[in-house]
Ligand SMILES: C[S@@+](CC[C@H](N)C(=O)[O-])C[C@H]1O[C@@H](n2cnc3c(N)ncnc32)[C@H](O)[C@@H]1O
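Okay, here we've got a single chain as structure tokens, the form predicted on its own, with questions on binding and movement later.
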Amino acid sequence: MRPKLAVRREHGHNAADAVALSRRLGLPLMDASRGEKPELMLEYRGGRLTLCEYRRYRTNPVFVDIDVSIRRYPSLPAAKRGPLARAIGRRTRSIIDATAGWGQDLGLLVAMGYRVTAVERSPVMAVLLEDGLSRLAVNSDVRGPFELPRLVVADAVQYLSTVRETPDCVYLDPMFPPKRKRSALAKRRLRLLREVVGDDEDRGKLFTSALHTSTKRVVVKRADEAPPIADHPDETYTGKLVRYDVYLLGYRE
């Protein structure tokens, strides 16, 4: 049986990094010359750690691109505008992003100047995030100061029960099916994330842990047609394809 996930090694550049990564994650090391065919592959390509499908190897791979999203802003910190910023709140300073995934919302939170701890339970997604953050740390094209987020590899339910410095906000983005209007890349990112991580079957426990951990609010990202993760959110802010349900913890702006 072919492995579901392997590390692909090309001879030459990054070969040693690939070996180290396979050992770190306990994944098979696939030599490009042997014709092995895993379903998914981690590979250093173009100066990035990428995730790709063997059957679509020539298709552009996916990777964590936090540096790309932050470079879109002419200066930092970016203005706190839009539904996400309104949901996070004007007085929020510290955030735990408990479902970091591909780091797309993480990049927005960092750009707006929040102090963010990113939590990811999948070791595979964590190394992709780590690679993205390492590129962000040395990126000279980012115009303005920002605080590099802290990455924690842990089950978020357990982690939230042990944090000592409680955050102003816990941000949750449980996986939901992509809408038809989403781009092909967004759908592929979500599909690959689900293949690596699985479904968020513990979203209820995660929400409860977030309520017990945050000091001011819990923000939950949902598809615009999906039911709330819990009844009666205190506030809701709607974007083009998603909405942000806010649960306030005895606090008002």
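Numbers for residues come from their place in the sequence shown, where the first is 1. What you see is a predicted model; the values in this text were computed from it and never measured.
Form predicted in complex with this ligand: not shown, discussed below.
task: Tell me, yes or no, whether L206 is in contact with this ligand in the model of the complex, where a contact means a heavy atom of each within 4.5 Å.
output: Judged by the heavy-atom cut-off of 4.5 Å, L206 is in contact with this ligand in the model of the complex.
message: Test of understanding: in the model of the complex, would G89 fall inside 4.5 Å of this ligand by heavy atoms?
response: Answer no; every heavy atom of G89 is more than 4.5 Å from this ligand in the model of the complex.
Residue contact check: E130 to this ligand in the model of the complex, 4.5 Å heavy atom: Residue-level check for E130: no, no contact with this ligand.
message: Against this ligand in the model of the complex, would L40 count as a contact residue? Criterion: heavy atoms within 4.5 Å.
response: No, L40 sits far enough from this ligand in the model of the complex that none of its heavy atoms falls within 4.5 Å.
message: I need to confirm a contact call. Of C169, A111, V116, V119, which residue comes within 4.5 Å of this ligand in the model of the complex, counting heavy atoms only?
response: It is V119.
query: in the model of the complex, which of the stretches 75 to 83, 161 to 169, 130 to 138, 98 to 106 has residues with heavy atoms within 4.5 Å of this ligand?
result: Only one stretch passes the 4.5 Å heavy-atom test: 98 to 106.
- prompt: Within 4.5 Å of this ligand in the model of the complex, do M125, M175 and L193 each have at least one heavy atom?
  reply: Every listed residue reaches this ligand in the model of the complex, so yes.
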